[in-house]
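In the block that follows, a single chain appears as structure tokens, in the form predicted on its own.
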Amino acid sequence: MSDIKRTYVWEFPVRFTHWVNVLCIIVLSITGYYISNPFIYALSSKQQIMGLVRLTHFIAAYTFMMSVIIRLYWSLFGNEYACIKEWFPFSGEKLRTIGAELKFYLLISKKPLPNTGHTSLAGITILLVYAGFIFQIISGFAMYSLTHSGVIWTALGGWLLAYIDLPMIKLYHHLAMYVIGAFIMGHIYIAWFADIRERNGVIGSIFSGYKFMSNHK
């Protein structure tokens, strides 16, 4: 039996931004859905339900934007497992592992590939997910810029209105919420599945930062 080594993989900024993103996405999804389709109505003029929901949405949006910026910054200065190179696994060797990873997660193969940080499939997924995050931030501020003029609002997203009509921005922003929701469900499944099959503490690692790897990994 191979010796098991406790390996520090996910640094604090990675774990911190991960959970901030989780909380922000939950809040943004609930409040965003309400803004687009109000399902609770005020009974008097003193009840500012929509105003409170919009305020909550905006606070979560700013927090989410800062979390994404911190994570992108850390992808340049963090350890090898946080490095942005992990998001671009386009070398021939890494691309060849994607098929094997898919077979493992689809129960076609029983043998997991040895990997301490992100797998090649996970790297590409993170790249696409963060592209979605950035689009949500830009499209959100594009809509926000309609009522807030100034250079900062134009830079954050107002410029998008020159290329995409407002109704389409709203539609894409709304649809992206469902795409991110689908990713979260898949992410939970894969993390749970990998934790059971690989027995390396992958779920616990996003809390502690440590995974348990065989020496040959």
Ligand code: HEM
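Numbering starts at 1 and runs along the sequence shown. In this text the structure is predicted, and so the values were computed from the model without any measurement.
This next part talks about the form predicted together with the named molecule, which is not shown.
Note on the partner interface in the model of the complex: the residue among A61, I190, L160, I70 having a heavy atom within 4.5 angstroms of the named molecule is A61. The single contact residue among I40, I35, I164, I152, judged by any heavy atom lying within 4.5 Å of the named molecule in the model of the complex, is I35. Segments offered: 104 to 112, 139 to 147, 85 to 93, 118 to 126. Contacting the named molecule in the model of the complex at heavy atom distances within 4.5 Å is 139 to 147. Annotated contacts: R15, S205 and K211 are all free of the named molecule in the model of the complex [non-hydrogen atom within 4.5 angstroms].
Not displayed here, the named molecule is kept clear of T56 by more than 4.5 Å at the level of heavy atoms in the model of the complex. Within this chain, I25 lines the site of the named molecule in the model of the complex, having a heavy atom no more than 4.5 Å away. Residues are counted as partner-facing when one of their heavy atoms sits within 4.5 Å of the named molecule in the model of the complex; in 72 to 89 not one qualifies.
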